[in-house]
Structure formats: C-alpha cells, structure tokens
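Shown next as structure tokens: one chain only, the form predicted alone.
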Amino acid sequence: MTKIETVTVEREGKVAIVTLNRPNKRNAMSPQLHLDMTQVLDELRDDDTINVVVITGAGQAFCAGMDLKEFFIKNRDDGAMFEKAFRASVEWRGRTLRYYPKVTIAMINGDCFGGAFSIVEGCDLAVAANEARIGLSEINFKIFPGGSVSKSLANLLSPRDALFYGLTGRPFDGVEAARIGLVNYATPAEGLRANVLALAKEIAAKDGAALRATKDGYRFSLEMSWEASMDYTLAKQDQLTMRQGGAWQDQGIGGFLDKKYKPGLSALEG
C-alpha cells in the first residue's frame, strides 16, 4: 500500500484494521486525513485477500470529529482546497462506506464526537467500549450537526434520541450508544479489540461474494419499492451464481442435502 500520513493499516488474515492516526489531536479529521482515508479505502476495495475492514482510532480516541482549525479556519481563504477536502470528507464517510464491497466495522475505542458519527453510520456494524465518550457538541458552540451528520442521525436514531442529544450537546457512553441503536453493542474497553476482531474474523470467513450481495441487497432495497426490490434481488442472485461458479447451489444447498452442515446451526466450511 502507498505510504500515507494520517492513517495506518494492519492485516490479520482476511481482516484489515484501518486506524485514524492523529492521536495528539484525538484523531480529529484534517483535510489530509480525508484524502488519506479516500486512498486507503480505494486500495483495499480491490484487494481480494480482504473481506472485512475495521476502522478505529489511535490512542485513547476514536475520532473527535472535524479538526475545526485545519478544516474550517486554515482553508477559509482557499476555496478550491476547501471544496476538495469537503467533497472527500463527505464521500468516504457517506457513499463510499455505505456501498463499499467489503464489510465494514467501526470499533469505537474512545472519544467519538460530531463528524465521527458519520463514520459510525457509514459502517455496516459498530461496537463501542463501555467507557467511550460519545456526543454531538456542536450546539455548545453555536452551530449544529452539519455536513453529513444530520443525515446520519436521521438514518440511525429515533427522532427523540437524535433531537435530545443534538439539542442538549450532552455526551454519553458506549452503553447508552447501544441502547439508542448508534452501535450494535458495547463491551469493556480492555476486551474491545479482541471482541471486534473475533467478530470480524467470523464474518471474514464467509464467502466474499455472498457478503457483498448481502450488503447490496439490504442497502439498495431501502431505496426501492417491493416489486423493484424483488427484481433487483433476483438479478443479484444470478450475479452471485456467476461470480461463484454456482457454489451456493452445489456446495451450499448440496452440502445441506448431503447432511454436511445444518443452516442456522452450523456454517459451511471453506
């Protein structure tokens, strides 16, 4: 992978761990970080050895949101640079993550504020440390959850929860994040990495084409009528058959018929 400044990438089997690496800034998102994340996700997209991408932060923070000085103050007189950074910031946290061909998991190890909500929402799954500090503090300095954050709130949270935390600016922890549906679940900080990597490896062991079809079927069906969704998923099934060379029929259903495994109770090996 090409050398980058603000993001690191580790590999464990079919799992890539992507770490926002500005710990002295609590991993706040600078223009360079947005460009680096765009590059990293683009390079991992076509890596057939990776099925799952875990996104986390270096040190004690996940991501403190946008680096206000780097993003808004230093760039306010450079319209072209601001536009480039803003476009990258919205794109990778929104469309790129949402329709990414790999499964993505946000591992919230610490502070998660403001614009970081869009990373969490863009990922397919999210797990937080019980002790993580999470919040929307924009209202406390006379602004609102702008950019992609308002849409992320609308997508993830109930109206009551979204407006309560958006209007008060109160922080909350990982346990509360799980209760309101911002994350799938929370776990003690000392076991967070092991827990998330176990989850990631469980998913990464599945067929990569089937994982992608599962994501596509869900994401695109949200935007369709029932009839359109039926047509789409039938076409997606034909595409999956072609990509796998018929493996889901021959090995999947065939293995079940040969009593090699029981769907729901055990998984097809390999």
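What you see is a predicted model; the values in this text were computed from it and never measured. Don't overthink the numbering: it's just position in the shown sequence, from 1.
There is another form of this protein, the form predicted in complex with ligand COA, and it is not shown here; the text below is about that form.
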{"property": "Non-hydrogen atom within 4.5 angstroms of ligand COA in the predicted complex for each of 208, 210 and 243", "result": "no"}
{"property": "Answer option from 187, 137, 96, 150, heavy atom within 4.5 Å of ligand COA in the predicted complex", "result": "137"}
{"property": "Contact segment among 158 to 166, 191 to 199, 84 to 92, 112 to 120, judged by heavy atoms lying within 4.5 Å of ligand COA in the predicted complex", "result": "112 to 120"}
{"property": "Ligand COA contact in the predicted complex: residue 57, any heavy atom under 4.5 Å", "result": "no"}
{"property": "Distance check, residue 25 to ligand COA in the predicted complex, heavy atom within 4.5 Å", "result": "yes"}
{"property": "Residue 36 within 4.5 Å of ligand COA in the predicted complex, heavy atoms", "result": "no"}
{"property": "Contact test in the predicted complex: residue 31 vs ligand COA, heavy atoms, 4.5 Å", "result": "no"}
{"property": "Residues of stretch 47 to 65 in contact with ligand COA in the predicted complex (4.5 Å, non-hydrogen atom)", "result": "60, 64, 65"}
